[in-house]
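First, one chain by itself: the form predicted alone, in C-alpha cells.
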C-alpha cells in the first residue's frame, strides 16, 4: 500500500484510521516538506519523483492530501502537471514489479479483470512475452482511454476472445488510471468546512498561501498558445482549436494530437521555436526531446522530409475530427460550399476570404477613392 497509495486497499486502510486530514499533518511532521517538493517537481515537468518515499505510512496520508490541495487551488494546469508526475512515477514502479502475481493483484484491486497465464500457455511473439490476458469486452473500455493505434483491437494479439498483454501494457493501463483519478479532482465540490479549517490553522494556513502563490507565479510563466503566433488564429479549423484548448489548459496531448498540431503549424508558416512555445504547456515537456521531434517534422533531420498534416479521413479514424463538436464546429466544416479533404483547405479558404473582405472594406487608399474601387474590382 505504501508503494501504491492509489489502491482501494490503501483508501480502506485510511478510513479505518479515523484521523482527520489536519490531524495527519501534526502526526507526520515531514508531510509538508514532501508535498512542497512534489509541487516543485510537478511544476518543473519531472516524471519520477525523488522526494516521494515508499518506506512508511506517511505516503498514505500524503496522497489524499495532494488531491485535496489540488481541488482547493483550482488551477487546471497544475492539476495536469501533478497528474503527469504521479502517474509516470507510479508507472515506473509498476514496470519494475518482479512478480507477475503482484501486478495481477494490483489490477484486481482496481477492478481490472486480468488473468495470469501459466508457463505452458504464455504466448511469445518473437522475443516479446505476453503472460497476461483480458477478455476483449473487458479490454475495450480500458483501451478507449488511449488514442495510440497500438491500443486498437485490430493491432492486438487475440485468441479465443482474449487479448494478450505484456507486462508494460498492464503498467500503462494502471498509470492511466492514476492520471484520471488525479484529474477528477477538478470535478470535486470543494469542502468549504475543511477549507475554513485550513485557513484557520496556524500551521497549514501559511503553507497553503505560500503554495498557492508559488503555483500562480509558475502558471504565469507558462506562455499562452497565442502569445507569439504570427498566423491567423481565427481561421483555425475545429480539429486544431480542440487540440489547442487542451494544450492551453495544460492537458496532456496524445501522440497523434502532437504530431498533427506540429505538422499543421509548421505547414502554415510557424517556426520550430514557435511550435516549441506551444508544447511548453505540456505537463511532460522536455526541451531536448521536443526540439528534436519538431525539427525532424520540419525536415531538419533524417531524410529531410517535411511532413504534412493529416487529412480529414485520417483524423476521423483517430477520433480527432471535431466537425460535429458543438463547441468547436463551424459552417466551413459542416456545410462547405466546396468539398475538401484536408483541414488546411478550410484554413486557407477562411484566410483568403478574410483578406478579400478586408480589401473590399478598405478600398479607399492614398491613390484616391476611384483608384481603390478600380483595384478592388480588378481583384
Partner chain sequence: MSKLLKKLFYTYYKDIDAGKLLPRDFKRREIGVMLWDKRGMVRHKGFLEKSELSNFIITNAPRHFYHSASLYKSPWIDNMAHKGYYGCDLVFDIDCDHIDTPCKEKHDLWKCKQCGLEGNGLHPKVCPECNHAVFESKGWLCDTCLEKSKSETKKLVEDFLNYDFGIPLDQLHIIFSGHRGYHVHVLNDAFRQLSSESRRELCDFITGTGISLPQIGLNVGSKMINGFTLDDTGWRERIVKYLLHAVQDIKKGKNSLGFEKILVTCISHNAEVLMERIVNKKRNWTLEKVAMGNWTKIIHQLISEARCEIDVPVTIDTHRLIRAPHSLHGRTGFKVVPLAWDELDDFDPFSDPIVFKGKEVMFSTTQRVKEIRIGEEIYGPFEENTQVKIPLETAVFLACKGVGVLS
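Positions refer to the first chain, counted from 1. Predicted model, so just to flag it, every value in this text is computed and none were measured.
Absent from the display: the form predicted in complex with its partner chain. The rest refers to it.
- At a distance of at most 4.5 angstroms from its partner chain in the predicted complex, none of the three residues 67, 180 and 205 contributes a non-hydrogen atom.
- Here the chain stands alone, but in the predicted complex its contact with its partner chain, taken as any heavy atom within 4.5 Å, falls in 153 to 161 among 114 to 122, 243 to 251, 295 to 303, 153 to 161.
- Interface residue among 316, 351, 48, 32 relative to its partner chain in the predicted complex, by the heavy atom within 4.5 Å criterion: 316.
- The contact with its partner chain in the predicted complex, taken as any heavy atom within 4.5 Å, belongs to 144 out of 200, 234, 144, 213.
- Within this chain, residue 76 is remote from the site of its partner chain in the predicted complex, having no heavy atom within 4.5 Å.
- Using a 4.5 angstroms threshold between heavy atoms, residue 135 counts as touching its partner chain in the predicted complex.
- In the predicted complex, residue 341 approaches its partner chain with a heavy atom inside 4.5 Å.
- Heavy atoms of residue 140 reach within 4.5 Å of its partner chain in the predicted complex, making it an interface residue.
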